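In the form predicted on its own, a lone chain appears below as structure tokens.
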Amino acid sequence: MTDLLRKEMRLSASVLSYLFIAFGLMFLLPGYPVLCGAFFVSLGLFQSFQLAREANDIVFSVLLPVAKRDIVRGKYAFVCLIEGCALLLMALAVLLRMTVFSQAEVYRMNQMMNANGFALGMAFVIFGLFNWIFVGGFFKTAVKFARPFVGFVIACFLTIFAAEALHHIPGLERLNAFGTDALGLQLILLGAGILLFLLMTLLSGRRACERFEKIDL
């Protein structure tokens, strides 16, 4: 598995997948839907799948002395690695906004979603959707990826819209807490987001392995 991950990082990956990790720092932007950072990170990963398809990476991988399931796991491992790096930047931005910048007027006057535990949890959900809809959908054929990516884009922006709208609903203002306000709720929502990410990724990976083994390349 380590060798397959190294192959993904050195041979299959687009440089954009690495560069777009920096979009995790969009969580520092005021007056902007911060969850779009998660979409741009996913867009960078999409570029790697596109590059790999044009280079017949899947066919090359199948010719290696490895199980077909391990090829799928290698792809998922690479995707999760990139997502994990972006999430670290997002978490750093959240910590800064919850501590150092918690009283900054530019954030306090912001009508958009605040970067807090709930926002970070929703970023986990968006990455989980990418793994479930796009990566899992790609391995239906191991060739076609336009339809699953369009499906992910729709699900992603519906999620962003819902997350941005929720704190404007009376009674849900605590979702947009600043600093350490409602910290217990923020941690619960973050934990729920992580759990959803893990469930979507693991279930998607298992199904993708089963589908890929049935494909005759």
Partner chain sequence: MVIAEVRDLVKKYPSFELKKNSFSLESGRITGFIGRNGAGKTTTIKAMLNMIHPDGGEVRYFGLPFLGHEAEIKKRIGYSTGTVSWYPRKKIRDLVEIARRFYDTWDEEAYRSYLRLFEIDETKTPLELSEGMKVKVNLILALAHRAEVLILDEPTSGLDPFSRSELLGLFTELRDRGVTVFFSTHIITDIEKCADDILYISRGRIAAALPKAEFVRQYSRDGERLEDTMLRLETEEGGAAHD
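Positions refer to the first chain, counted from 1. Remember, predicted model here, so these are calculated numbers, not experimental data.
Keep in mind the form predicted in complex with its partner chain is missing from the figure; the text below concerns it.
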If contact means a heavy atom within 4.5 Å, which one of 49 to 57, 179 to 187, 166 to 174, 29 to 37 is the stretch that engages its partner chain in the predicted complex? 49 to 57
With heavy atoms only and a cut-off of 4.5 Å, decide whether residue 17 touches its partner chain in the predicted complex. no
Taking heavy atoms and a 4.5 Å cut-off, does residue 11 contact its partner chain in the predicted complex? yes
Do residue 64 and its partner chain come within 4.5 Å of each other in the predicted complex, heavy atoms counted? yes
Near its partner chain in the predicted complex, with a heavy atom at 4.5 Å or closer, the residues from 1 to 38 are 3, 4, 6, 7, 10, 11, 12
